[in-house]
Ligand SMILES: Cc1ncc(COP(=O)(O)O)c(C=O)c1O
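First, one chain by itself in structure tokens, the form predicted alone.
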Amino acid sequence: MFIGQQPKDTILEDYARYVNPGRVSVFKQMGLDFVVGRREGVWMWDVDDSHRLLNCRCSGGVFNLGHRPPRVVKAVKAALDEIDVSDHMLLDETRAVLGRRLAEVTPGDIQYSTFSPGGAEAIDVAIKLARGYTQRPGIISVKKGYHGHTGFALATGEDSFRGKFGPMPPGFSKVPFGNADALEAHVSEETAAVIIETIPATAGILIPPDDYYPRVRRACDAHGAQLIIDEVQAGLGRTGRLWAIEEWDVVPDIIVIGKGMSGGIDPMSATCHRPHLDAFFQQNPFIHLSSFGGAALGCVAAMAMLDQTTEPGFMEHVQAMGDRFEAGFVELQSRHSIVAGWRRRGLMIGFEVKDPRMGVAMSAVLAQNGVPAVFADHRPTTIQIMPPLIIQSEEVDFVLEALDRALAFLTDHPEMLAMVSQVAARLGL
């Protein structure tokens, strides 16, 4: 028994006393003192079993297959009879099997994989590899992008995340997302890599112009820079394709994947690269080490996840559910004047309202209506709607009905905006 061993009030007190009191305070201020208890598929129940939520936050894609996906759980349970996390310094069969599978499904001639526990560390590996291979310092990212909270990953981001930690490493610069002219003007012989989220989520689920990625690829090639594509959130079926970058028919030098790699069961990410870059690792085979990178149990979970995600009909289902959401958005916009529009690829959705304060408020009111979904940090008018990819038609309708109620409530209760201003200040918005 791991759920409900203590009363909910005791859990909240212990979390505040021993883990993160500030976070508990913010959630209570928003009326979201929910403690995850039972969880299954698209649903999470409060620890006291009083109510349930349909998870449209999905931890950015960790729960692409829902909570406790049976196929992944079964595989990991069976593996526990034979293996453990494995020694990261030694050769391991599960890493070899997963590496071969990733080489089969990743774009173009991408062949090699370096495994990490989480996406930010995998981004660090990508940047280290690009710098080591090119012997150049320059890393270009995009404004309002997000690649994680660790060393080099943090240096690519905005000051709202990195500013409180002092000076960042030199060599990092940013250009606007979707502006190929600005990027072409910025890439030089000092550029080791350009790093971009295929569809930047924290920036508001932004969709670039059709010619953007082909031009980025050509600019990198012209200067010998490496193109790093971050698919930690957009990859593994989220957009209705296995890889979002496939829409633009571009092969990056490095693709970074994570979150959904875990199957929602065991932390896992990968930095996958083309053959020319492996010259650096062949010369320095132990230059990057990670105690839990490519843990054997994580490899088993990732293989089970890939088996399900690549089976016939999976991507078609993602597209169909995305279409159902979009039809519902059309109806919502016709009835609610505060709806500004939406941006979508598959089930990666940015739902836009006209007032940024209402965007922040929507996170609270939606959760109170049974659907947790977070606003975009760098574009608070956008609600990120990222449900599990296994969501069914009736569950899409549940989300749409919750949106309808939340929009009506915020229209009728403008006093909510005062509370939003206080919470926004706590969040640094």
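Being a predicted model, the structure only gives us computed values, none of them experimental. All residue numbers are counted from 1 along the displayed sequence.
One more form of this protein, predicted in complex with this ligand, exists but is not displayed; see below.
Among the residues F115, Y146, F152, F351, the one placing a heavy atom within 4.5 Å of this ligand in the predicted bound form is Y146. None of I265, L227, L206, A120 but one reaches within 4.5 angstroms of this ligand in the predicted bound form through a heavy atom, and that residue is A120. Remark: all three candidate residues (E197, Q233 and K259) come within 4.5 Å of this ligand in the predicted bound form, counting heavy atoms only.
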